[in-house]
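Encoded as structure tokens, the following chain is the form predicted alone, with no partner shown.
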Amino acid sequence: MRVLLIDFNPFMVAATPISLGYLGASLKGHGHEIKVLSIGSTTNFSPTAFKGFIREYSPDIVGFGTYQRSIFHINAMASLVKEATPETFIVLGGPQITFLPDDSLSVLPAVDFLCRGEGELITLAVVDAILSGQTELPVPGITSRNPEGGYFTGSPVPPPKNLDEYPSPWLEGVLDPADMDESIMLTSRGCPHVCAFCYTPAAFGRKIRAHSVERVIEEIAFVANRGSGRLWFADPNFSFSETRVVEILEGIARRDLKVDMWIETRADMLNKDLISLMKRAGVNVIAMGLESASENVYTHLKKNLDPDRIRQAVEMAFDSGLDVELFSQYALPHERFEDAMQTLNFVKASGVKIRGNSNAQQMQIYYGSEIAADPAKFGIKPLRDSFQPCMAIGTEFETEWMSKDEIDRIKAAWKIESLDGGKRVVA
């Protein structure tokens, strides 16, 4: 079958997400024709040209990587696909699709399927259903419309325990690092922690699955030799296993690979020796989650990480010549205006430059997180009585401790301190 995978992000310069690369590699490995299309804020785009492209390629399936902020843009693009090739099936996937209510399909008329889990195997199930003419029956891992006018979801598709069972987007030629200024890499999936604001615990069952060290180094070597050497690792916790990450870093250093790496990890997973090895292997930026520096707040987030440990990790990174980014949020449960200012002052005092990922954001409430499951329990007060079924609360709320006016004030305070005007938009 002919499959087109599209990343449409009108808020940022086009950068193909690694998730679409994995989907493409899985489909290609089963003999299907794959094309990956990335459309960003600087991409020349018109509906007429897009429809012409669709008619020419004539895909059997179009899959969109989808976030809440882009879902209506993507619904419009899905409509264009249907106008150009009415027989094409549309699949939405991505972290904010996993837990979307079934009746979201009622406001997404051009969409046929919602992917409920890891797409590599689920997309193959969609292909099998189309080829066998069974799309009106439940498809494993998929929510779709049933003939009676309602919705049904097929049985779950258990992901493989060994991540190496998924073919490499890079080694299989689905993604080409020569075409990219920066290559997005992935060595593991999941996280064992239970942060209340995060969807990852529910999506991955508080477990981590990882590629073998050999697979990771092979991919890094390929991408480094063929591309720019700038690597951005999408792992939630790059150094979740010290033994494993040491093997990876030593392998990179031993092969003298010329790389410039951005990684994300928890502060309590870092020490001086590991940071020194990171520097030697080519890590240039370490990103860590701070969220809040106020004891009134961070103790309620179930992150189990205090600011003193984060401060120590920042100092160790700076001492080794690495740059640091800190993720932080405001309008968190139990957070008052003065608590939010404490976090801003913590970041300033730490020496971390407030730009890029270090620009704080309002907490965003999406399906799958513990807070989204019971907003009132966490003091969340939505600003509207109802939302369309495909839309979670997002940032449309105030809390028991912070009014909308105070949320706007702390947002403005961060923007004043930002070196890039706080322009970065996150999902």
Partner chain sequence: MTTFDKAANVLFGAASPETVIVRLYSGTEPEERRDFLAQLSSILPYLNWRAHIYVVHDNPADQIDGSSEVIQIVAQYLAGQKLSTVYVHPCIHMQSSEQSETHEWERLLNLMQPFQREAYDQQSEVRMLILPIIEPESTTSIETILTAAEFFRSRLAKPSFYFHEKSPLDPVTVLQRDLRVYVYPSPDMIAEGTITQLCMNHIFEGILERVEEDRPDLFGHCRRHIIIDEKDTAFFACFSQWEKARPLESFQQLEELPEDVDCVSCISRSCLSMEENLEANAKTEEGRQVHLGLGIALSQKHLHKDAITHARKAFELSTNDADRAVALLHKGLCHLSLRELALADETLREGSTFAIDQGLFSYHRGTVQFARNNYMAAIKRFEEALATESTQVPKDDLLFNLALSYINLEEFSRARSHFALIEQMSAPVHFYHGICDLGEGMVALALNRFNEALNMGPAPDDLSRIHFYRGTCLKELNRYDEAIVELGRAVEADSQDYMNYNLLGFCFYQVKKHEEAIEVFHKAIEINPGSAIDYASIGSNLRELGRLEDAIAMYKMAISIDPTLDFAMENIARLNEIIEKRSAE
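Computed from a predicted structure; not experimentally measured. Residue numbers count along the first chain shown, from 1.
Keep in mind the form predicted together with the partner chain is missing from the figure; the text below concerns it.
Name the single residue among 244, 302, 73, 311 that comes within 4.5 Å of the partner chain in the predicted complex, judging by heavy atoms.
-> In short, 73.
Sort through 135, 98, 85, 79 and report the residue having a heavy atom within 4.5 Å of the partner chain in the predicted complex.
-> So the residue touching the partner chain in the predicted complex, by this definition, is 79.
Exercise: residue 30 in contact with the partner chain in the predicted complex, heavy atom 4.5 Å | Answer no; every heavy atom of residue 30 is more than 4.5 Å from the partner chain in the predicted complex.
Find out whether any non-hydrogen atom of residue 375 is located within 4.5 angstroms of the partner chain in the predicted complex, and reply yes or no.
-> Flag for residue 375 set to no.
4.5 Å heavy atom contact, residue 35 to the partner chain in the predicted complex = Contact check for residue 35: yes, within 4.5 Å of the partner chain in the predicted complex.
Spell out, yes or no, whether the shortest heavy atom distance between residue 379 and the partner chain in the predicted complex is within 4.5 Å.
-> No - in the predicted complex, heavy atoms of residue 379 and the partner chain never come within 4.5 Å of each other.
Heavy atoms within 4.5 Å of the partner chain in the predicted complex: which stretch among 153-161, 175-183, 335-343, 231-239?
-> The contacting stretch here is 175-183.
Which residues, if any, of 1-20 lie within 4.5 Å of the partner chain in the predicted complex when only heavy atoms count?
-> The stretch touches the partner through 8, 10, 11, 13, 14, 17.
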